[in-house]
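In structure tokens, one chain follows: the form predicted on its own.
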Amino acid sequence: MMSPHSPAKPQTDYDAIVVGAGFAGLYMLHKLREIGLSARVFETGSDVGGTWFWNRYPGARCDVYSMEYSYSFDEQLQQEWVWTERYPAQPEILKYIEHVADRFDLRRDIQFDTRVTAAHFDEETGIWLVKTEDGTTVTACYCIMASGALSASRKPDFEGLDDFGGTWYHTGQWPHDPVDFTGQRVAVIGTGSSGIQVTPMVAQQAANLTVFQRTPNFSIPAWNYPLSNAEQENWKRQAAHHRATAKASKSGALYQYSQRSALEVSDEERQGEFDARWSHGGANFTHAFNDLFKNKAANDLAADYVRRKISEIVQNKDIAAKLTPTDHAIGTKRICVDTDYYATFNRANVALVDARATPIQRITKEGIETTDDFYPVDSIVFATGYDAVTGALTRIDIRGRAGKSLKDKWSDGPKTYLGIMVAGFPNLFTLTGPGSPSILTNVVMSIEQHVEWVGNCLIHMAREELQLIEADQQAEDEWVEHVREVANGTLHVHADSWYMGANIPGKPRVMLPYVGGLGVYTRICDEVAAEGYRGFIQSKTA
């Protein structure tokens, strides 16, 4: 435990302000308490949960195994919680997060229904002034952004939306009350992960469903199933080993990482491996061979396998062709994990519109007008995704030294040191920020790694009676270049993905997460800390 105010620290309302009460914000609050610092969490929603508070659309489900998509920092918590399915659905994940908030009595330090609009660093005093939507300003030594990588929903910008006479929804901001599409004509716009999850569910209710697809995506079946008590108990007996293995891996998950090239095995061996991965289900498929993300010829073999599966599942060959991705390497856009997505297009009440060939022109009172047709609809579901990784940060007016805004600094792409701090923004921490593995991993493991690193950094600050820590500009430049070089060694940079910011008009084309893997990244962060926080400028006064 450290004293709440070391001699070097000015008096503030709180030692730390945390923005966001999802997985990252809750663990950060717990860690701050543990090391003896006072904290206040500001959360836009009316309760905890972050992404899982807002994403309540039918079919919303995690693509990481439930046993792994959970905290590992508390052994009793890990042992006591019982999951019901292999892949957890949104209600169960939210229930788990609420349990964590209750178990550690976290809500008393969280202010809900509160949107942070600005965070300004005062150079004279060395403190952060954080402003909320109601005009209140609070002060803190540290400002910790736990605002999430997939929390800034991309609002639909179609002409005429305000004239629509029906009801429209965004998967990232779904109503808390159940939505019933029974007997309705429904449109789903978007076929990324949320679109692929929501489509089969809506199809079961709607009289007619029309899916508008600009870009087809690769999806692997989840083959979800109920978890038995025996399976969970066996996993929990080996929990320490499982967690250590996962944290040292590339993805922070217990995938089977092949050590073979897809090009060095026989056709029969390759087919057998792909068959086994498909039958197992999930994102594990993209680790069938060790060169799928780096070698186009190897990737083509995996992509062709999935393309053949699509043609086998979808009965109408024209629809199957439209659903088949041809413009990107498999895995370079977020691999989707589905339940009956492709089979849904065999239903008589489901239609597919190629919105690239015939783009949506406008939305009218009665429905959706494309360049060649009109589709009357009663409800529209926008599965149009997020301004990923940076959006939740740049939507807040964050200003560092000399009033420099974070948005301006990142105008040609985000720049961070380790994805944790930004040069010119002292005592500002970005949990799972750009330049860290974040969305390429089991994000709960990445969150734990970041929170624990930040916690240890703050202990170091108190021990050395330091007031400020910030990224050195040269260290930041070198890290940005390293992130770029590693990404350029993969096929990721050739895809128009949200990993690259390509889904947001005008957003710079930069690989947002660090592709080097969680295990490698953790070692780098640990080495930086062990060397007295190499690459950081540390000072005792403002």
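What you see is a predicted model, and the numbers here were worked out from it, not measured in a lab. All residue numbers refer to positions in the sequence shown, first residue = 1.
Heads up, the form predicted in complex with a small molecule isn't pictured, but that's what we're talking about next.
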query: Per-stretch contact check against the small molecule in the predicted bound form, the hit in 232 to 240, 213 to 221, 266 to 274, 248 to 256 (non-hydrogen atom, 4.5 angstroms); finding: 213 to 221
query: Contact label in the predicted bound form: E68 to the small molecule, heavy atom within 4.5 Å; finding: no
query: Partner proximity in the predicted bound form: Q197 to the small molecule, non-hydrogen atom cutoff 4.5 Å; finding: yes
query: Any non-hydrogen atom of K333 within 4.5 angstroms of the small molecule in the predicted bound form; finding: yes
query: Proximity of T44 to the small molecule in the predicted bound form, heavy atoms at 4.5 Å; finding: no
query: Contact assignment for the small molecule in the predicted bound form, among Y27, W498, W479, W54, heavy atom within 4.5 Å; finding: W498
query: Partner-contacting position among P426, P437, G385, P414 - heavy atom within 4.5 Å of the small molecule in the predicted bound form; finding: G385
